[in-house]
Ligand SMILES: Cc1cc2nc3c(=O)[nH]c(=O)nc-3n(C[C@H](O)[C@H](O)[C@H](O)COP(=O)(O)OP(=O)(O)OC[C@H]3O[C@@H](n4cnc5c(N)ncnc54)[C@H](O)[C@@H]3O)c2cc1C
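First comes one chain, alone, set out as structure tokens in the form predicted alone.
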């Protein structure tokens, strides 16, 4: 929470002083804008600090509009993003990180309840863009291209839009009404969606159908397989098929009483928790490394264990004989790699589910001239996200990057901006980043300890037996409280501390929203303003600069 100084000078900043002090200086103060670490860490490129500023003023619609400039899916992202912004939040060095994802989720809910509409004004460009894939990257690209004035058609091979948000993330993490609402909002902007249409002819889209650009954003929905010796194989499924089966509308997958999930990623955790909800007495994860090396986020493993999932660390499957699974114990060597020990044990299971990662189906791109596809299926793109075929762009799971919803949404925005520039015969250049605002740049004396708001959660019994959403989100009161915990790292929010502390009457107020300026004729360079600025928006520079 912010404190104000208990004093202020009374001399008007325009008053003429008898003796100017500017000649005394060896350093002068300079107002700066530094890059907040949350903004810097966001894969979707959100201006987090800016929309938090409006949220803490209680102007939720303005906060939402600013958020929507970068991210068309705040209700989704507030639930499924792994919030690297919070990992980098300077507030964590004081007490606890700001709950950015929870506030984003709250704004998404407010938009739904208040029926807010996205404000944008773009003249139609006359260009048509085809987006292949209606996952987070494709939806994001379509949204941003529409905001830029282009006509967009999305073609999706599946029966519904959403990609792995729908078919890979369980409902207890992402309720489908939230997903449906945010997708429909994009379509209501004029985006055309064609379902159950698999695109096989890229050149035809350009030459026969007249699309001016194509963005390919096919998700990683092909499960990776592994050869396991099996004398008499039992029931073996893959994680993608199990999670997709939950959306099929028919009977849920029959997994049996004892289920083993092989893998240590977030998908493995999702499937293990799903198996528990489907009635498995024992849902067990087998992973060949320790908890420290697992690719899943630690809170995912914690939540799984809370729900009764058993995790067998440092184990690898060696053989299957009907319902008996032989595993070998592993140990981590000095280089952090798992090594076999020669010790074995058996675990009984009705079903084995492989959660070893996913690949992208790139077969339809292999015959497109100029497109370079690596052995692992990654499509090569340049800094514009364009492939070797002019006008054909790719993003999301298809390119080399972390495979998360947030990264995919960021890819969609980046691709849209580059497609727009290319269509206009220009090139898109990101503005140069400001210097990062570090914790040491802040004056935290002005802030009280204020722990992060804890979101209420569904009780364990209901979590184990149904697919109701686990986390309940924030109320308006605690969303406002949480937003006001932001330290505004590196950017002036007009607290008046510099104005009040200056002994030389050298700080001039420019009016609401216009911040301040220094009158260097009277500033003697004492540095009190820089030392007392709570957000680190003033730095001292050598006078000869």
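Positions refer to the first chain, counted from 1. Owing to the predicted nature of the structure, the values given are computational and were not obtained by experimental measurement.
If you look for the form predicted together with the ligand, you will not find it shown, but the lines that follow are about it.
Distance criterion of 4.5 Å from any heavy atom to the ligand in the model of the complex singles out 405 from the list 437, 130, 405, 352.
Though the ligand is absent from this view, in the model of the complex it lies within 4.5 Å of a heavy atom of just one residue from 242, 379, 164, 474, which is 164. At the 4.5 Å threshold, heavy atoms of residue 80 reach the ligand in the model of the complex. The ligand in the model of the complex is approached by residue 158, whose closest heavy atom lies within 4.5 angstroms of it. Although the partner is absent from this view, residue 266 contacts the ligand in the model of the complex, with a non-hydrogen atom inside 4.5 angstroms. Using a 4.5 Å cutoff between non-hydrogen atoms, residue 198 counts as a contact of the ligand in the model of the complex.
Annotated contact segment (heavy atom within 4.5 Å of the ligand in the model of the complex): 394-402, selected among 394-402, 254-262, 144-152, 369-377. Residues 132, 133, 134, 135, 136, 137, 138 are the members of 117-138 with a non-hydrogen atom no more than 4.5 angstroms from the ligand in the model of the complex.
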